[in-house]
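There is one chain below, alone, in C-alpha cells, taken in the form predicted alone.
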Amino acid sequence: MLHVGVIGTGMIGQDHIRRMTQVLAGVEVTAVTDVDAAVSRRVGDLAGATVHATGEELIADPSVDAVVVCSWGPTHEQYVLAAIAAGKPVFCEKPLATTAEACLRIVEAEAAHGSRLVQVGYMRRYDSAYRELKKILDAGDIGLPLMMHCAHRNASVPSHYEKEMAITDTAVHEIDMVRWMFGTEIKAARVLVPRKNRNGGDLQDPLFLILETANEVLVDVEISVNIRYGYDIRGEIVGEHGTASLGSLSPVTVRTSLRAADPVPADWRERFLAAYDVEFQEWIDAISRTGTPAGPSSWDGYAAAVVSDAAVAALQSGSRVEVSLAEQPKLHGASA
C-alpha cells in the first residue's frame, strides 16, 4: 500500500483525494495540508488523514511514502525540491514551476539525487484517444508525419485569466503532447493573431500557435477560450499517405426533433476524467513496484516551460522565436 500526502486541498487536490480514496487501488491518503487551514481540516477529516501545518512538515512525515503537489503554482518549486531532498517520489500538477529557471533547478536537483523522483501532471498522455492516435502514428499506418492540426477550445475562462495564459496555462498541454506524440523537441514557435472574439473582453482571443519540431513536423494549435459552446479538444495528424485524428466529442449521438447532436463536454474535468484515473493508477503502480515514476519527467516540465516562454515571446514580438534548451542530463535521456 502506497501512503500519499497531498499538498493543496483546493478543487484539483480534492478531486485527486477522491480519486485515490474512492476509485483507485493500492493507495491510501495519509496526510494533507493547505494554506487554508479550515479547508485542509475538513478534507483531512473526510479522508481520515493527518492534517499538517505546512508542506515541508507533511513531506517530513515518516508515514508519507510519496507526495502529490496540487498547491498554487508559485509554491511548486519549494515543495518539489523538498521532496527530492527527502528522497520521496513526488507527483506535481502542472506547471512544474512558474519559470523555466525554476524548472531547471528541479531538473538539476533530481539529477544530483541520481534517480527519478518527479512526475508532472500532463494527463493528455493517459487519454485513451491520444494513446490510440500515437499507436497508429508509431505503427507507420499513415506514413511519416508531416503536420498536425490541433484545437483547444474552452467555453469561457475565469476573470483572472490573462492573455499569456492562453499559452502558459492552456496550450501548454498541446506543447507537452506534441513532444510526446512525435518523440522530439520543439525548435521554434510563432503566434498569429486573428480578429478578437467579442466574448473575450480585453483578452486577445483566439490565438493561432505554430510549432516547429526538430524532426520537421509542423503543428498548428487554435486556442479559443471564450467560444461558449463547450470544451472541445481536437487533433489530426497528416501523414505521407493518410491521416489520423481524435474521435467524436461524445461516445453517443442523440437524434431528436429532426436533429442529430453529439453532446459537448462542459469542461476539462468531464473530458479527461478517465485520463486522470489512468494517470494516477499508473503512477501509484510504478512507485509501488520500483519507487520510480515512469510518466512525464521534470525534464518534460522544463521543456514545456521553455517552449511556452518562446511562444509568449512570439506573441509579444510577432516574430518566429527559436527554443533554446539547456543540456539534457543523462538521467532524462529518454524524455519526450
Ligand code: NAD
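Note that the coordinates shown come from a computational prediction; the quantities given were computed from them, not determined experimentally. Residue numbers run from 1 along the displayed sequence.
Keep in mind the form predicted in complex with the named molecule is missing from the figure; the text below concerns it.
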{"property": "All of 8, 173 and 268 with a heavy atom within 4.5 Å of the named molecule in the predicted bound form", "result": "yes"}
{"property": "Contact assignment for the named molecule in the predicted bound form, among 127, 185, 220, 169, heavy atom within 4.5 Å", "result": "169"}
{"property": "Interface residue in the predicted bound form among 88, 94, 134, 163, criterion: non-hydrogen atom within 4.5 angstroms of the named molecule", "result": "94"}
{"property": "Per-stretch contact check against the named molecule in the predicted bound form, the hit in 33-41, 302-310, 59-67, 287-295 (non-hydrogen atom, 4.5 angstroms)", "result": "33-41"}
{"property": "Interface membership of residue 323, the named molecule in the predicted bound form, 4.5 Å heavy atom rule", "result": "no"}
{"property": "Proximity of residue 213 to the named molecule in the predicted bound form, heavy atoms at 4.5 Å", "result": "no"}
{"property": "Residue 208 within 4.5 Å of the named molecule in the predicted bound form, heavy atoms", "result": "no"}
{"property": "Any non-hydrogen atom of residue 145 within 4.5 angstroms of the named molecule in the predicted bound form", "result": "no"}
{"property": "Within 64-94, the residues that have a heavy atom no more than 4.5 Å from the named molecule in the predicted bound form", "result": "70, 71, 72, 73, 75, 76, 79, 93, 94"}
